[in-house]
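Just the one chain here, laid out as structure tokens, in the form predicted alone.
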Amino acid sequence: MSGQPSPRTMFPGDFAATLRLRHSIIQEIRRFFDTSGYAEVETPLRVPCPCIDIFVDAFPAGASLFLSTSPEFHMKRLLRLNLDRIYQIGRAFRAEEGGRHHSAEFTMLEWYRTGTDYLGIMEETEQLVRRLAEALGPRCTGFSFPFGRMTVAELYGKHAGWDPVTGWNEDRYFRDWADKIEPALAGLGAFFLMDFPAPLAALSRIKQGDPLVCERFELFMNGLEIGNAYSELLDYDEHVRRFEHAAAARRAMGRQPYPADIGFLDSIRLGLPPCGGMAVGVDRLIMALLGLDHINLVQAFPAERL
């Protein structure tokens, strides 16, 4: 064997400093939630239903189980225990994901709070990022507060010339997202993209008084999608319909359909309190805070260094 180091053993320059900053950021995240009355919880990594997103592929994990793509279903079940504020920082897995901003294994922060909706979660998200930015001081650059807010209709009207809320067209929506919207995102700084078209509701509720819009937002920071949040859907029949629709859509795409999460649906049927929740990709958040452009620069052992 040659004396040259393998790419698997090579780390970016001054990587120890980055790992120390990563540690301090995750510590500050925990302090934020702990001092806000949240309880940290743990949920399984091997689950019967990995998600409802038709575009997300999960890793099989034996015995008709999958590696978790998100702790969403199990965390919502815990809300029935009078745990009104819960959060989790843990590993998540998504197959066939790779590139500058994606990793098949990554760290996810997810939290849920009863008695609020997506607007309350939006305010809390900005408070969290502001706390992290203040803790980092001059090491955090590239965006400012307060964050902007823009609806999907406004974003597409400005950069694609049409409104996907009133004239939904799935093919055009995703084509224009790749060709026209994504190139514009980097110039918008940090902002919340909100009020998505109803067909993109996932497990968010439809906005009262406006059946064409769902109560969902995503946080973007300098062009990078950081997190996704909902006013959580509580209607049992609608949940069943959406699980069935997702399974049928995956079959039509030639992908393995996922079973409905029976334990989660039972909890919905028994009744969950009104709540909102947020899922954040921690690696991406750290990238945005530190102004880094590749996920490998914040993960100790991405696939390339295994």
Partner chain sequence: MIDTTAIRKNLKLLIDNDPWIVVDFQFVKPGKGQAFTRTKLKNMISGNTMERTYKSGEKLEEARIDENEMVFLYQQGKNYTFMDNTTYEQVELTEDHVGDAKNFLVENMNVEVLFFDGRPISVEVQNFVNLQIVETEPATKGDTVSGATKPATLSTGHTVNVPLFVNNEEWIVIDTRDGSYVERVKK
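Keep in mind it's a predicted model, so treat the numbers as computed, not measured. Numbering follows the first chain given and starts at 1.
This next part talks about the form predicted together with the partner chain, which is not shown.
Shown alone here, E123 lies farther than 4.5 Å from the partner chain in the predicted bound form, counting heavy atoms only. Contact check for F192: no non-hydrogen atom falls within 4.5 Å of the partner chain in the predicted bound form.
Interface residue remark: F174 is counted as part of the site for the partner chain in the predicted bound form, having a heavy atom within 4.5 Å. Of the heavy atoms in I26, none are within 4.5 Å of the partner chain in the predicted bound form. Just one of R91, R80, H102, R149 comes within 4.5 Å of the partner chain in the predicted bound form, counting any heavy atom, and that one is H102.
Shown without its partner, this chain lists G167, P183, G142, G157 as candidates; in the predicted bound form, only P183 has a non-hydrogen atom within 4.5 angstroms of the partner chain. Look at 235 to 243, 53 to 61, 27 to 35, 264 to 272: in the predicted bound form, residues with non-hydrogen atoms within 4.5 angstroms of the partner chain sit in 53 to 61. With contact defined as any non-hydrogen atom lying within 4.5 angstroms of the partner chain in the predicted bound form, the contacting residues in 195 to 218 are A202, R216, given in sequence order.
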